[in-house]
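The chain below stands alone, shown as structure tokens; this is the form predicted on its own.
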Amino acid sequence: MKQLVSSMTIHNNIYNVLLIHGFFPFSSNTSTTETGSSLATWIIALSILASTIMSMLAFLGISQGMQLRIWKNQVESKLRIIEGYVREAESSALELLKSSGARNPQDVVARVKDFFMIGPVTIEPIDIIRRLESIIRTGEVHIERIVKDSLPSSISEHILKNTVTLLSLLNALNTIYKYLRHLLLLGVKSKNAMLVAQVWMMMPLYLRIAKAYREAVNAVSKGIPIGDSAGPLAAYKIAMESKPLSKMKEIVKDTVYGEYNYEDRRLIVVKAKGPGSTVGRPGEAVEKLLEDTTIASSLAAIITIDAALKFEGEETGTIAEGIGVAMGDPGPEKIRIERLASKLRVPLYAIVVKMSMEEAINAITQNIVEGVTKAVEKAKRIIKESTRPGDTIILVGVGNSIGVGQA
């Protein structure tokens, strides 16, 4: 009854406003001439009418349903774009596998496309690093085995690594697409406008990430260095500018090192093995090196160089210097270096080259190359200022070595 009275009151108010301003021909308060000349009055009346209608729609819940449909349509249009990215990545992976002579390429893509890893239990933190490391490495080895078993035995190692990375990009794109679709369908199914609104508001960010992955597919399939190759490239440059004491050789899986003389110091350079797409195992490599007591006893510094995400407004290629281990590792590799440095009381110096997330996984740009050059000069300065002749320094070029070979 209250709703009916409220509705009648609203209609009466509208009627009175229209009658006062002469919108009915039988009104005795105004003339037809005055009605036609009063444009402002029409606008006011129509505004009142529109706001009343909107209030009634909101009161009845109709406007919320309309807004839900609008959000749904807009999210679906963005999802179709991401779905297209997934198909493009899948086509690129299939093309690379076929050109490499893979057996059953469709089966390989299907297996890796929905591959997942379950993280260790965190409620009990004891030994969590080793458990995490075991899961990560098992996953890496498993995917690599799937791809390797499908390719001819004569295939080069860097093609194998690039194919694995390309399939990982496909997996990431597919996960983003399925996650967003899940949230949208769940929100529509449960008529939860807030859930759909959250997806709608986050879509520009997710679309930006998906587009970056899509563009990375092209760089990886061609074996072009990417922004994240800044660390290995810096290691390569400083090795080339130093006097070699030994050739680079593999010390642990996918990771190489070489010894050089720089300003009468023993410089040990560590990087992921190139030119295939891999980040290697830099932490394990440093741990292996320090098993040599002659290196451990004379170690004066550990320097890490890596790519880092810039803040919006910062210029690509700018560098920053700090203390600690510059490494985007989930934990297992980074903590190895931290523990060793703490045990030996050796300072940790970090140098980063700033770039956006898109630039980190796409083809390397001139600004990043210039930043790498600056990072090398910064590393040389740290070596001169913080160590003495006769000391040993370990320099680690952290990042993806795609397109970056050995010195």
Partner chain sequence: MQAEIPLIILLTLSLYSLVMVILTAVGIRSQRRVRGRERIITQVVCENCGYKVTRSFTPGDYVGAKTREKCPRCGSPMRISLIFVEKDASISRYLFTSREPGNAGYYKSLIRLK
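Keep in mind the model is a prediction, meaning the values are calculated, not measured. Numbering follows the first chain given and starts at 1.
Keep in mind that the form predicted in complex with the partner chain is not shown, yet the notes after this line are about it.
Q: Is residue 366 close enough to the partner chain in the predicted complex to count, meaning some heavy atom within 4.5 Å?
A: The answer is yes: residue 366 has a heavy atom within 4.5 Å of the partner chain.
Q: Taking any heavy atom pair closer than or equal to 4.5 Å as contact, tell me whether residue 172 reaches the partner chain in the predicted complex.
A: Flag for residue 172 set to no.
Q: Does any part of residue 358 reach within 4.5 Å of the partner chain in the predicted complex? Heavy atoms only, please.
A: Looking in the predicted complex, residue contacts with the partner chain do not include residue 358, since no heavy atom lies within 4.5 Å.
Q: I'd like to know if residue 222 sits close to the partner chain in the predicted complex, meaning any non-hydrogen atom pair within 4.5 angstroms.
A: Answer yes; at least one heavy atom of residue 222 falls within 4.5 Å of the partner chain in the predicted complex.
Q: Tell me, out of 269, 93, 233, 285, which residue has a non-hydrogen atom within 4.5 angstroms of the partner chain in the predicted complex.
A: When the partner chain is considered in the predicted complex, the option within 4.5 Å is 233.
Q: Among 39-47, 378-386, 340-348, 66-74, which stretch sits within 4.5 Å of the partner chain in the predicted complex, heavy atoms only?
A: Selected range: 39-47.
Q: Looking at the partner chain in the predicted complex, which residues in 265-301 have at least one heavy atom within 4.5 Å of it?
A: Only a single residue, 275, comes within 4.5 Å of the partner.
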